[in-house]
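Starting off, we have a lone chain in the form predicted alone, written out as structure tokens.
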């Protein structure tokens, strides 16, 4: 079951789509193909949203946090905002520290309107958001068509990321949802428990760009068993430029039937399991909050949410021995991520 509403702002019309199935209610927006809310029950059956949310619609237009939006044409940071495909070099805008490209820069899909199509069935609802990116006026080669397919059914939200191009190009799509299982952002996520099926991560340089593969064992990236996030923090963590975790975790198993992430809250008893066909998840513990108002009068602050950005390895085009992120003409870009929500016994 779904409903559609229209909202006018700054001479633009925004479409909100609310989908309801058993034990889940999700609201989307056509601007950025954004997830505005995900309501699921806690141990007492109380339905609350478990993603961070702005209080005002106009905040999503600025959206310096890329809150819950689709990221593309590329995700993460690209070193020196440059890349090569064959003999051709391409220069992107330097929108991070004045030296690197972050999340596609000014071309980011988080700031574009998508077309949408809804297919409603008894047991599930599918929303397909479509965007076309033209080569003219773009720093990326080729004309692309990208489709983001959200499917909602009992206790589950899946995302299919698809793309095609008429010229070899760079593509790396993700969703930037900030999860907090306390419900309505009542508490931060440092006491949430986290498991990640990963033995390696990509180490960052001084400008927070991934540059090489490093081991997780006996480091703050070791979540091989379910543990509180704060247990992997230490006294000097806020002296780091990341001020928390903001690293790509390389997944041990790439399989949509295999659990790559488990995330739980001891108080609400809500749980989240993440499955993906992507080889990497960037985990970001909301280390740099903005000052915009959040829903329900919540004060935006550090570690209020955590992102599980399933994607190809960011900056892979500039790192040897990992996926370069090049989508070849005639090939299909396709990856799938599933979020399964549950209540612990």
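None of the values given here were measured: they were computed from a predicted structure. Positions refer to the first chain, counted from 1.
There is another form of this protein, the form predicted in complex with a small molecule, and it is not shown here; the text below is about that form.
- For the options 278, 54, 39, 284, the one in contact with the small molecule in the model of the complex, meaning a heavy atom within 4.5 Å, is 284.
- Comment: the small molecule is not present in this chain, but in the model of the complex one of 201, 192, 176, 270 has a heavy atom within 4.5 Å of it, namely 176.
- Using a 4.5 Å cut-off to the small molecule in the model of the complex, each of 65, 208 and 288 places a heavy atom inside that distance.
- By the criterion of a heavy atom within 4.5 Å, residue 102 is counted among the residues contacting the small molecule in the model of the complex.
- Though the partner is left out of this view, residue 222 does not reach within 4.5 Å of the small molecule in the model of the complex, counting heavy atoms only.
- Shown alone here, residue 246 lies within 4.5 Å of the small molecule in the model of the complex, counting heavy atoms only.
- Contact annotation: the small molecule lies within 4.5 Å of heavy atoms from the stretch 176-184 in the model of the complex, the single such stretch among 176-184, 121-129, 260-268, 138-146.
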